[in-house]
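Here's a solo chain for you in structure tokens, the form predicted alone.
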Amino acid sequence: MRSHLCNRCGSCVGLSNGAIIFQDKTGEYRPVIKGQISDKLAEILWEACPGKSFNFPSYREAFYPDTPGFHDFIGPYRQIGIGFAVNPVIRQQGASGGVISAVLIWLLEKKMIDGAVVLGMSKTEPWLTQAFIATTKEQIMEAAQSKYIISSVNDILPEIEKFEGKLAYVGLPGQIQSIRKLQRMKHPSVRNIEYIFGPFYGNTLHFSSVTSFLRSYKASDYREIEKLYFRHGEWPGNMRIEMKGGRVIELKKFHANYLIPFHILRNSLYCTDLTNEFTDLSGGDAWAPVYEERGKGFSMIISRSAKGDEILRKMISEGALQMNAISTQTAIEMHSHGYDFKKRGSFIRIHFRRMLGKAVPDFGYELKGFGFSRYLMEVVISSLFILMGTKVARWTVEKFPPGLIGGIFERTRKIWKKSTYNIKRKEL
């Protein structure tokens, strides 16, 4: 709970019957013990926690025994393609191609589920995320798009357990890993979960990213926020904040990415799962010039389990989704920066952490054998994260217009990607 291994999945809070709560949600957002915990409950919480350990090979064998495809970077897969929701409204309101929203709506309309566990923004505190069970198309659409600040979907496990009917569940890799642990334990809190879906995952930001963004625009009180969007409008979207009184603050998504090194949740740096490997079906942005230039939104889609693959095939045949198959090599090249960051960088950062005598997560596997240049590059990256995460660096960047900083960040990132292209692509 007090280390950088906690990913704030929320399982300990959801399972504790009030003995553990999340404290300071606009700050560190940490789970804190407030009541008595029995030995039996302690054992369940320890086993359900994905922060300290999650054995990828073991859980892959347990949940995907018949899945024919596998890659160290992608995980188990049946189909990989580029596609989008055919319904233009669903596509437009999604973070990329609206695929996960379309799948949930399709399952609901086919009566294959009675509800979906999704992440929206709080009704009472619209600057914070809040998980809920959607039972209508409108509620599913309300939860569309990515949320880049800390979320804790699994704190609603009691509601999931009490729900009458079948559920689909949408979450980030750490949240889903905990759900898989609970399923393997046959815990009653997850008995209603029939399908698991999730987006690709790069990083999570502390809420300080929002307050810092506001201060850069001379707006100091986050409680004046009425609406908060992270991917508003035409793909790839804009970070947009609507304030009481009618003021609207907006910045291009790629420019708003400047917030990442200043406010990243440290656990993001130790997560090795880019494509949400333990879902039935996962999806994320199709980052390639051929798609980015068209706008509208395109998703990379990966089906993993037999039932996830069946959903994908039926939706394509019925015209609800459009998808063109791609090879694993194309999929890796499209997200080469992300794979390098997660499947190389994370293991190097874990190695550095181990050398410092700190606790590290156990994923049941390890990738190694990277060249000296890649280790050296990681020293630079990690040093920048440490430097930019300081109060002085955050205070300094707030003194400049976000549009200026965002533009510099985007240009610098392109130069960095180009200059490190060979290092990152080598033997990828």
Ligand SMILES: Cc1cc2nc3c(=O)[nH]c(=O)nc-3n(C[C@H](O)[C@H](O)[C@H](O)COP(=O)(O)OP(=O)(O)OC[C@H]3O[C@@H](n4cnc5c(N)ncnc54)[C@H](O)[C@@H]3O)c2cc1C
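Residue numbers here begin at 1 and follow the sequence given. Predicted model, so just to flag it, every value in this text is computed and none were measured.
Not pictured, yet referred to below: the form predicted together with the named molecule.
Among 216, 175, 189, 346, the residue placing a heavy atom within 4.5 Å of the named molecule in the predicted complex is 175. Residue 148 is the only one of 195, 258, 77, 148 with a heavy atom lying within 4.5 Å of the named molecule in the predicted complex.
Comparing 351-359, 278-286, 156-164, 309-317 against the named molecule in the predicted complex, the single stretch with non-hydrogen atoms within 4.5 angstroms of it is 278-286. Taking the partner from elsewhere, residue 201 is found to have a heavy atom lying within 4.5 Å of the named molecule in the predicted complex. Put simply, residue 100 is close to the named molecule in the predicted complex: some heavy atom of it is within 4.5 Å.
The named molecule in the predicted complex comes within 4.5 Å of a heavy atom belonging to residue 335. Contact annotation for residue 144: at least one heavy atom lies within 4.5 Å of the named molecule in the predicted complex. The candidate spot formed by 104, 118 and 231 lies fully in contact with the named molecule in the predicted complex, as each residue has a heavy atom within 4.5 Å of it.
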